[in-house]
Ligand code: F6P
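This document opens with one chain alone, in structure tokens, the form predicted on its own.
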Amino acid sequence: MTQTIGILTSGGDSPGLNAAIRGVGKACQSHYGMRIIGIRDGFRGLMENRTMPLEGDTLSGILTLGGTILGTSREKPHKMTVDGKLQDMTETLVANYHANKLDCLVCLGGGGTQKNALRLKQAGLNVVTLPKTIDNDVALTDITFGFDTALGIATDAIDRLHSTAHSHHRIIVVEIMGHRAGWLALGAGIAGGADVILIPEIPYDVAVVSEAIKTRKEKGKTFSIVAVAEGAISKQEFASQQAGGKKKDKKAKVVTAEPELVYAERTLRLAHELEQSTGLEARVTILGHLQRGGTPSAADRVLATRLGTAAADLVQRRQYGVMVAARGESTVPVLLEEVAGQVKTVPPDHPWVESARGVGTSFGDQ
């Protein structure tokens, strides 16, 4: 009997999603004769039963496209806005899965998607997931698709900002995505030759960062590039959070605002403090969603295709309830129970960190 496979993309958009859709779809159809149904706008689309056929020319010409032809959303099966209220719509998703006679649901997404897929597995559905996110913070996979493209974009931005920083003798603070993990800021900072790299895993001291910049100034270096992950925090703020004093901190009064505003205020405050302490003008560039867009890199296209075809093979073998993880040049299935809720952060002694320190990059901690 022909298997019918549903596929959706969830969470933030990421370069390589269309390449992964193509990889799954073409392998399922060409090698295994399966029927593929695209589900629009993530789990929301499954709840509303909004689908599209993925066959023939639909999967052609999308390898190089950014974004996702299916659309995406961040809504969760158990916390979905319906009639102005948050409701658990898991039963509706399960019913629509069966109404479409699906044998498996393939979910493309980051950490949140892994958790949501696990919930659907626990509700009795057959699911397989692929790890995507520009943050590269999904656990138990060497790399996620989307990361390489975003790394190139962030590095290019730092390259371009060097000329302005040098010409105007300024400090340029570049905010790079990554609120829980610093892989993107770390990689781009190393590749772009940033003088200071600040990441969530290594709380920084503003005085130490200032001293590093002043030391450069004394040596005749009249500019500095600071690559900062949006989730990087000072030692003072980290200590406050550890002590449970976050709500009492007047500077943290915006914790109930949109996360992007919280990060932006933190980055702007850092730039102001550096300007005051070093005597150099400081300017902020927030890359934001620019890092998510555009044509996926060759590496991301290859990775997404590898993971997509591996997912098709797992579906054919009826090996469900797993994420397809990249391990070296191979792929391995990892149980969703082992992935969900985990975050792959940068170890403070990671080789990338040691290499950056080796060329004189400051992390603001020593």
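For every residue, the number given is its place in the sequence shown, counted from 1. Remember, predicted model here, so these are calculated numbers, not experimental data.
Not pictured, yet referred to below: the form predicted together with the ligand.
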| property | result |
| --- | --- |
| Candidate stretches 177-185, 141-149, 205-213, 80-88 - the one whose heavy atoms come within 4.5 Å of the ligand in the predicted bound form | 177-185 |
| 4.5 Å heavy atom contact, T133 to the ligand in the predicted bound form | yes |
| Distance check, R74 to the ligand in the predicted bound form, heavy atom within 4.5 Å | yes |
| Residue contact check: E230 to the ligand in the predicted bound form, 4.5 Å heavy atom | yes |
| Distance check, K217 to the ligand in the predicted bound form, heavy atom within 4.5 Å | no |
| Contact assignment for the ligand in the predicted bound form, among K221, H289, R160, K101, heavy atom within 4.5 Å | H289 |
